[in-house]
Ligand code: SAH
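The data below hold one chain only, encoded as C-alpha cells and taken in the form predicted on its own.
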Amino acid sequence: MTIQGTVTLKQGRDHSIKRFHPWIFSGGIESIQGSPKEGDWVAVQNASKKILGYGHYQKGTITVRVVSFSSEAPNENLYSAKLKTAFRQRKETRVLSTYTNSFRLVHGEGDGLPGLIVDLYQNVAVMQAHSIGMHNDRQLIAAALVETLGSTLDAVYYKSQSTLTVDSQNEYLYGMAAVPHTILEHGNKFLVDWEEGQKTGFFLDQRENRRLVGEMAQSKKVLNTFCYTGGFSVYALQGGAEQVDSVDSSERAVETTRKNIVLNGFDAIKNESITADTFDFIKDKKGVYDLIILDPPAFAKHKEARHQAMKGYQRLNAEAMRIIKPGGIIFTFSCSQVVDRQLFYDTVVSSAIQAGRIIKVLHHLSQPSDHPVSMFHPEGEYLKGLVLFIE
C-alpha cells in the first residue's frame, strides 16, 4: 500500500483519533502534504508531526476514513488481519450455526473497515464499497476474503454501482454463483438475489427482530408492510399466525415473497402478497389486524431530508395505531442513520398522541451482533425499533 500524502491536524484536534474515532473532518485539518487523489492512502499526524494512523483520503466533510490506528504504515496483511478478527467475533457470538448460514462479516466502522460492507450468504461473499478507497482496494479485499474463508467460499461478488460516485462495475471478483440462492436463517429458508436485489440482496440486520415477531405471532392476523421479500412474513407463519398479508410497492419483491412462503412449506393462500403503496393499503383496514410490522426504507438518507422524513414516520405510525385492533402489537422501525434513537422515539410518541390511544413500549430493538457498533463511533447504530402494545 503506497502512502500518497500526509494530513496534519490542527493543534488540539487529535482527540477523536486518539479515541479511535475513524473520521477526520476537514475542519480539523491544518495542511495536506503531497497531492493525494480520491481514495489514496494517506498518513494522519498531529501538530507535533507524530503519526497517529493511516486511512483513505477523500474530498468532502469527512476527509480521511482511518483504517489503521498505528504509527506503522499498513501492509498487504492489513485486510486479512481485520477480516480474521471479524470472522472470529461472528463465530464466538454464535451468529453462525446449523440453522443460520448467512450473516454480515464486515460492518464498516464497527469492524475497523470504514466504507466497507461484506455480507456472507452461505458460500458467497457480497462486497459493497461506500468509499473510493475501498473501491480502489477491492481486489486486495477479495483476496483477503479468499484467504480468510478458504474452501468454504465459492464466490466474491462486488456490488457498488449504486453506492459510489465513480464508475463501478458490479462483477464477480472471485468464482461465480447462480442466483437466486437459498440461505438459512434460524431454520427458515430465503431466496437471495445479490445481483438484482436491494442492497446486497437481503436485510440481514433484522434477523433477531424477525425471530421476535415469530414468537409473538401465534393465532394473530398479521400485516407486514414494506415486506420486500417476506422475511417477517415467513417468521410470522412459522410462529403460527392465522393469516399474514404482505404489502410492497415492488411486484418483483412481492413475487419473491410468494416464492419464499412456498419454499418454507406454507400454503400461499395463508399469505396474501399484495403489490400496493402501504399508505393507500392500510387506510381502510381498521380492526383487521392484531400485529402490524412497519419497516420502511430509509426515509432520510441525509440531514437535509430529516424533517420531511419525521413527518413520514409520524404519519405511518399514527395510521397503524389508528387501525390496529385493541390489544394489538406494532413493530416499528427506522433504518435512517441521521435519525437518532431519541428522535425516533419522540416521533412515535407524537404519533400515539395523534392516534389518541393508550400505548405501552414492550421492547427497544436494534441491529444484531454481526452489525457491531464501535463505542468510539456511535454513528454506526442506524437501526432503531420499538415493539408497542396498543390498548
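Source: prediction; values computed, not measured. Start at 1 and count along the sequence shown; that's the residue number.
Keep in mind that the form predicted together with the named molecule is not shown, yet the notes after this line are about it.
Judged against the named molecule in the predicted bound form with a 4.5 angstroms heavy atom cut-off, the residues 9, 16 and 60 are out of contact without exception.
This chain lacks the partner; the member of 277, 267, 196, 76 within 4.5 angstroms of the named molecule in the predicted bound form by a non-hydrogen atom is 277. A heavy atom within 4.5 Å of the named molecule in the predicted bound form is found for exactly one of 245, 109, 290, 295: 295. Between 129-137, 198-206, 80-88, 162-170, the stretch whose residues reach within 4.5 angstroms of the named molecule in the predicted bound form through a non-hydrogen atom is 198-206.
In the predicted bound form, residue 320 stays away from the named molecule, with no heavy atom inside 4.5 Å. The closest heavy atom approach of residue 250 to the named molecule in the predicted bound form falls within 4.5 Å. Looking at residue 157, you'd find every heavy atom of it more than 4.5 angstroms from the named molecule in the predicted bound form.
For the chain shown alone, residue 227 is a contact residue for the named molecule in the predicted bound form, at least one non-hydrogen atom being within 4.5 angstroms.
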